[in-house]
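Below you will find one chain, with nothing else, as structure tokens; this is the form predicted alone, and questions on how it binds or moves follow later.
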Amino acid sequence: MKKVIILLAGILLKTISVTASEPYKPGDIASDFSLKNVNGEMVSFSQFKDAKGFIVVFCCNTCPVVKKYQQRIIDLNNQFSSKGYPVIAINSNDKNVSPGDSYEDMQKVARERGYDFPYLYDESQKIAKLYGATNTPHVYVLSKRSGKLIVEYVGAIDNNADDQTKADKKYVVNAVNALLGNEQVPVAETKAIGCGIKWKKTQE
């Protein structure tokens, strides 16, 4: 009997471990965090008292796909920040694997591009792993409901990285507009496109 109990306990612990590492999907409750921005300040969701939600974008400095989307990310913040859905950009790339994604380079890019939203450094990569981000860009639209942050949309910004004018499915824009209108998000999940996040090399 004792062996059975130990076996079941082991299975339960393994299940909990697997569940904890699963990527966020629509309907999940998202966790807050505290990460350093390009001004050296620690930033968390809790500081945005008047926000209705957030457009969280895992991005970086070097990915060619992110560069194609840079202006669109700026436009998302310009369009929705004043309506309660600011952009929160996060760089989780390891600088040793991708030197152009160092904190100093983040500061340079934010200054050159005129980022008017927090650009945060996930140096430990814990937040990318927690959220299940795999690509740059990878977007999570969150809404505040009953004191919790609910994942409403996960995936790509739109359906055409190369040409914004030819993007006829604007997933993030449509998701946030639906939330502002108290409507259901029309498409809650798509496949994120772009470069893979540059993970730290495993220590041997």
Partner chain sequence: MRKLHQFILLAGILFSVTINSVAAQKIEYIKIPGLEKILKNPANKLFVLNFWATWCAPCVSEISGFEKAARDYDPGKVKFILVSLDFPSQIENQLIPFLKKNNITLNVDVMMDVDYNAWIDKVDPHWTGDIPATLFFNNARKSRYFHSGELTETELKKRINSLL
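Positions refer to the first chain, counted from 1. Please read these numbers as outputs of a predicted model, since none were measured by experiment.
Here the subject shifts to the form predicted together with its partner chain, a form of this protein not shown in this document.
- Among residues of the shown chain, Asn135 is one whose heavy atoms approach its partner chain to within 4.5 Å in the predicted complex.
- Contact check for Phe48: no non-hydrogen atom falls within 4.5 Å of its partner chain in the predicted complex.
- Within this chain, Asp162 lines the site of its partner chain in the predicted complex, having a heavy atom no more than 4.5 Å away.
- In the predicted complex, its partner chain stays beyond 4.5 Å of every heavy atom belonging to Phe33.
- Of the candidate stretches 101-109, 114-122, 87-95, 127-135, only 127-135 contains residues with a heavy atom within 4.5 Å of its partner chain in the predicted complex.
- Of the residues in 62-79, those that come within 4.5 Å of its partner chain in the predicted complex through at least one heavy atom are, in sequence order, Pro64, Val65, Lys68.
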